[in-house]
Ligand SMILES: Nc1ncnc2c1ncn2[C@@H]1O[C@H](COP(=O)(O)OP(=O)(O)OP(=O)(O)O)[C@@H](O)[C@H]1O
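Given next, in structure tokens, is a single chain: the form predicted alone.
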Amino acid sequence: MIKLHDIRKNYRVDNVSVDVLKGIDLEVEQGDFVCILGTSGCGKSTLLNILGLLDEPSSGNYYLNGYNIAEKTNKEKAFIRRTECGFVFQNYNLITDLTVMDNIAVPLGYDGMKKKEREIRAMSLLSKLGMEDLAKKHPNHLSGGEQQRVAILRAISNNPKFLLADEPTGNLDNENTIVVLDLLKELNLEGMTIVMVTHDLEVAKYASRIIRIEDGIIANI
């Protein structure tokens, strides 16, 4: 599904080239639950952004479902990002002016789904977690754990091929961390491919495979 070959990323800071990724080789198969583990500044979030087509490597090749992403146009990349990737962030990134149901339905609107169908899909996802009573609430009335679960439902609302989670439990207490990780594990058991980034080994243990990154290179697989 995902294959990276010699992925490198560097930035220029004050006319100095800073190497963030220094030759990453990685394969993720359909149905994997992979955790990228590392300390702050090691390059793990940069790698996740490249996987989600939010950033481009300075060199190397990224193959997704057999296609070389470098050969895709910006329009094609945007379509892949919208239809095949789901994103979960540490800070939830919910839209405060929208209800929970409308937040979950946002990606469906981009795909042109009619409003009534979007609402049905959103309620179906909420019902799966027993969260129907939150449908008309706004994010600022939810706990951190509830917000993150809503963010995950939004990320999977259009049935993406894989889910990218960047420190999804970073702002949660222990109880809500377990709830969110159990949800990710359940999604994976249902067939969802997940790539998660964390600095916490205990969180990483929920994944089927842990990849440790140190100073821009893979230390072990």
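Quick note: we count residues from 1 along the sequence shown, nothing fancier. This one's a predicted model, so the numbers in the text were calculated from it and none came from an experiment.
Below, we refer to the form predicted in complex with the ligand, which is not included among the displayed structures.
Although the partner is absent from this view, Leu64 stays clear of the ligand in the model of the complex, with no non-hydrogen atom inside 4.5 angstroms. For the chain shown alone, Ser45 is a contact residue for the ligand in the model of the complex, at least one non-hydrogen atom being within 4.5 angstroms. Taking the partner from the other structure, the ligand in the model of the complex has no heavy atom within 4.5 Å of any heavy atom of Asn174. Contact annotation: Thr39 falls within 4.5 Å of the ligand in the model of the complex, judged by heavy atom distances. Residues are counted as partner-facing when one of their heavy atoms sits within 4.5 Å of the ligand in the model of the complex; in 3-30 these are Tyr11, Val13, Val20, in sequence order.
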